[in-house]
Every structure is written in structure tokens, then in C-alpha cells.
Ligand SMILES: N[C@@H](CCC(=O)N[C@@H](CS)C(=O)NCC(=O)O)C(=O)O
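In the block that follows, a single chain appears as C-alpha cells, in the form predicted alone.
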């Protein structure tokens, strides 16, 4: 039996749910309320020392980190395959995944929190309570980043490099899709799954002007949304998040556009 500790709107959890759906795997879910701090309890940290989602449990074996989980599912449940047959395309796939793990995911977290999620974290809490809540994050660098972004929003020193990093990535993505149907070639792969939640997040925060001159990305986004496994995102949309992201995103986008134009 597969069990997944996840959150409805977490991009990392979305990646794993998309993979599970593409492979037609059944799973038992344990939904974690991130705003309440469900992943920061001693009990959960024993399971996932990073205090993050998702966590997969397969017949008692615990697997953490979304990219590791996706690769595990590909190895343990290889049909349908989500790893290209061509070694060059496999290398491309791993390159796309590596970029997410080496800073892009953190950068989209900065954008999401700067625009909208900080308001959820602060709701009903004093500043002291917010600080206490964030201090439960085990990793120092992540704790410092989330503290700064939560308290300062788009004035955080982390916001500018985050939006610039994703803008660069989207230029690379447009170039790749100019040559291929999917990110690694002509086969849908774990790379396409991995980036689907991040395009969805840009959509939810009203940052789609990023793709005004990037038609290949827009066409790719329509293709991934049309796939049946997109239910791994669409079936878990939290209606309490969407209006906040849209409202605050419209306010922040002009600031982001100025940063990118500078």
C-alpha cells in the first residue's frame, strides 16, 4: 500500500501526485495543513527530518524529497515509463530536475510567499507568534529565507533574485521547446511532470505575462493541462488560496515586471 503525506497546494506534493496519476497507482493520502504547522511536529520530523511534504511510504519504507520519490516510483513501478529511452534525453531530464533541487524550487517558494502565502501565515498570529512558528523549521537557511520573506514580502532581498532566476529558466525552457514537443524530446517524462506545478503556480499568481513572448511554453502548458494526470493538481485545488493569490499577484506583478525590465 502506498501512503502519501502531502498538501493540496504544495508544488512538491503536486509533482508526486502527477506521477502517481500518470502511472495509475492507488494511494492513501494524509493531508498536512502547512499553515497550522502539521509538518513541524516532532512526530512528523521523525519521519521527514526536513519537515516538508511530500513523504511517501511504500509498504513501510519511508521515502522523502519529491524528486527522489518521483525517481523511486519510476524504478519501482516502471509502467508506463516516464524516463526516456535515449541516454541523451535521460541526461536532459536529470538536468531539468537538478535545477529545481538546486534553487529553483526555493525561488518559487520565495515568490509564492512574497505574493500571497505570507498573509496566511500571519493571519491570527502576532509577530512574535509568526516568528515562533517559523523557528520550528529545522534548516537554518530555509528558516532565515522564510522569515525574511514572510515579514517583508516583495521588499525581501530574496524576491528580486528569485523572479530573475525563474525568468532565466523560462528563456531556457522556451528554447528547449522550440526544438521538441516535450522538455527532453518527443517523450513526456518526469521533467515535464516536475515543471507542471510551477507553471500552474505562475498562472495562479497572475504572472502569465512572463510568457507573452514565449509561445512554446504556453502551448506546452496547454498540453500538460489537457493530460488526464493533471487531476493530480486540479482535483486538489484549494479554493481558499486562489482568490488570495490572484488578488495579491495582480498587485505585485507590476513590481516584478520592473525588476525584470531593469
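Numbering follows the first chain given and starts at 1. A quick note: this is a predicted structure, and the numbers were derived from the prediction, not measured.
The following text describes the form predicted together with the ligand, which does not appear among the structures shown.
Novice: Tell me, which of 227, 204, 40, 216 has a heavy atom within 4.5 angstroms of the ligand in the predicted complex?
Specialist: Residue within 4.5 Å of the partner: 40.
Novice: Identify which of 194, 233, 56, 52 has a heavy atom within 4.5 Å of the ligand in the predicted complex; exactly one of them does.
Specialist: After the contact test, the surviving option is 52.
Novice: So in the predicted complex, is the ligand close enough to residue 118 to count as touching (4.5 Å, heavy atoms)?
Specialist: It does not: once the ligand is placed as it appears in the predicted complex, residue 118 has no heavy atom within 4.5 Å of it.
Novice: Just to confirm, residue 105 within 4.5 Å of the ligand in the predicted complex by heavy atoms?
Specialist: Answer yes; at least one heavy atom of residue 105 falls within 4.5 Å of the ligand in the predicted complex.
Novice: So, in the predicted complex, is residue 12 in contact with the ligand at a 4.5 angstroms heavy atom limit?
Specialist: Close contact exists here: in the predicted complex, residue 12 approaches the ligand to within 4.5 Å, heavy atoms only.
Novice: Answer for residue 34 alone: is it within 4.5 Å of the ligand in the predicted complex, judged on heavy atom distances?
Specialist: Looking in the predicted complex, residue contacts with the ligand include residue 34, since a heavy atom lies within 4.5 Å.
Novice: In terms of non-hydrogen atoms within 4.5 angstroms, which of the given stretches 233-241, 22-30, 63-71, 206-214 touches the ligand in the predicted complex?
Specialist: Residues of 63-71 come within 4.5 Å of the partner.
Novice: Using the arrangement in the predicted complex, list in sequence order the residues of 120-158 with any heavy atom within 4.5 angstroms of the ligand.
Specialist: Going through 120-158 in order - heavy atoms within 4.5 Å of the ligand in the predicted complex - there is one hit, 142.
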